[in-house]
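Both blocks below hold the same protein chain, though in two forms, and each is given as structure tokens: structure 1 and structure 2.
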Structure 1
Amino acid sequence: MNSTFVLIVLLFLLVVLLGFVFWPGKGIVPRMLLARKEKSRAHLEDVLKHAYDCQYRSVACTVESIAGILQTSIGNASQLVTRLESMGLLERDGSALHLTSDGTSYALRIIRIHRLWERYLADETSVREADWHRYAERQEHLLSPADANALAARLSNPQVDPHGDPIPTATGEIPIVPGRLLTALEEGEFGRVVHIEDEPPEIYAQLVAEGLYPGLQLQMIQRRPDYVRFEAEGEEVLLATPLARQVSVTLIPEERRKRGPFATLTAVESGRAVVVTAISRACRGQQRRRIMDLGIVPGTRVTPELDSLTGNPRAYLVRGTLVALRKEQTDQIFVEPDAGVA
């Protein structure tokens, strides 16, 4: 009797164990196989993205360049290329690889999701700018076209991502983003940044550290073969030419330039009333909403009232109420003297 009971218990435990390991959709083995399949699909999609980027920049896409971008062996890269060829998404021309029309459509679908997700992170979350690309790289392989369309609708169908790159439409069309390289701006001319190249990440990090972002207004002061020097938001910036070539701008006509100097609320003396002219487009997501919820919008009259012992934060009179703002916030609020104050 006891041996029969033990046998039944052992059989039950065996069935539970087998179910835990092999249960369709939830067992260890099916989940491992699914993860392996998704990883393989992500690699194929990364190859298509790379091929499109090469096509866009008019450089050769090769098995070697794919191996480099995926940080894998030439053999693995060659296998991925062979699979994409069999799927009708990639074709060879000697050593060069080109997307087919179906491959281009697929690549644009992935790029659309990536750039929409970066726009979402910038506008709707407090995720650090340095992490946008990494998070979007993950989501681009998970969201369906229907999910992407829903996200686009939620964001009011933006045309560009936070870096100024055009977001493909649901039908695969690429909005035209006007602009020329920062290095083409003449001395004395005003420009507005419309695009910052976000790859490689190391170069992008340097540009962000200099305070550059799409929407930034600047004036070219000096242009030399090896560097450019310009003013932006009250600061002079010196960029080596290779870095400056990663930034695109549009020329701002005189009548459309920001009024007054590049003054921020941080520099205003205590007791001096000013009027908000703009909030920096670098101020995004929850930070931007908090500032606007405090009533700080273009046209608002603001007066610095009280300094803390360290000077940060500082108290400002806004619409009859004292509010505390930190320097990193007031650095992004542009102002001009209140014309109604002598």
Structure 2
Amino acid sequence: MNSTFVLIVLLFLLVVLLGFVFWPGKGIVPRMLLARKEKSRAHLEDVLKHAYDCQYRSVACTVESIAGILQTSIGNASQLVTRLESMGLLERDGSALHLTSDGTSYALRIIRIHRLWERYLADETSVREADWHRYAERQEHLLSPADANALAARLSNPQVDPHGDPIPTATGEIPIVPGRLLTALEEGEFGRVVHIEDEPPEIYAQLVAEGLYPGLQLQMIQRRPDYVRFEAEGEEVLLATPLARQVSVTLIPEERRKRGPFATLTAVESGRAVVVTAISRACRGQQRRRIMDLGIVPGTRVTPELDSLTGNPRAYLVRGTLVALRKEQTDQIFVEPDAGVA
């Protein structure tokens, strides 16, 4: 009996193993085949995106530039181009490549998914900023247009991505975001950041590290050929001109300007009442709304009441209610001393 038992077990294991390897759609082999197909599609889509980008920046798109962007050989790149040509998405004009109208709408679809996904990551998840682009690069090839529309609906049809780039609509329209380069802001003028170019990533990371984000209010202090100096949220920032060129701003009219001083709620000592002046634009999406839902809007009186073991979170008295908030959030709430108390 024992040997038959062992035999049955072995047979069973064999079947499981075979299923594991060959099961349609789920097994290892079908998955590998699928992955290869997806990889080549991703490459094709990346070419289209690159071509669109070239068109947008009015530079020539060539087989060489494609090979550079995809980090592949010229031979590979021209193979991809040939395939796209045969699909009617790309046209050759001498050495320059152009998107056909089909190609443009395809590219816009990919860009739409990319930017929507970034917006999703920024608004609803706690994925860190440095990872947004990378994740979106992957997701843009995986989501179907229907998925993208569902995502857009869930996010209440956002119009711009977290860097301020417009998100193409489902019908392939892409609005032009108003604004001028930061370097064009006159001394003394107030501007709001509307866009930060997110490529190349190293430069973008530097700008983020300087505390820039779309929605930030700043005032130009000094504009020189090789640098600009401005004030934002109570701090002075100095940017070299090449960096400042990556940032676009719009003028803020008098009545929309945030009032200083920019002390954060975190810094307020326990028991002292303060009044909220603004919530930083770096606090976005779901988080921002939650804070406002709890009654914290400009003009609200807030008093820190309870410290936890580490002082983070703290509980604040807001409109008669105790509300616990983490330091990461109170860092983004600006306050001034309560005039009625001070």
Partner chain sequence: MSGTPNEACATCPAFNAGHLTRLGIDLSNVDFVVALAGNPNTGKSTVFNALTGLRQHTGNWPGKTVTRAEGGFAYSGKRFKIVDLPGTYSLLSTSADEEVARDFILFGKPDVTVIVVDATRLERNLNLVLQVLEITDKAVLCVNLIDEARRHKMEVDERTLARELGIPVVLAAARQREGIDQLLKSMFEVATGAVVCKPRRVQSIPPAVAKAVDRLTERVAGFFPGLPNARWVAMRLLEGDQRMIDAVESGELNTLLDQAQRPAENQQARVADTV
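Please read all numbers here as calculations on a predicted model, not as lab measurements. Throughout, rigid core stands for the largest set of C-alpha atoms superposing within 1.5 Å between the two forms. For numbering, take structure 1's sequence and count from 1.
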Report task. Determine, for this pair of isolated chain forms, which one is the form predicted in complex with the partner chain. Result -> 2
Query raised in the report: Can a Cα shift of no less than 2 Å be assigned to residue 270 between structures 1 and 2, given superposition on the rigid core?
Result: yes
Requested in this report: Provide the displacement, in Å, of the CA of residue 300 between structures 1 and 2, taking the core as the superposition reference.
Outcome: 2.6
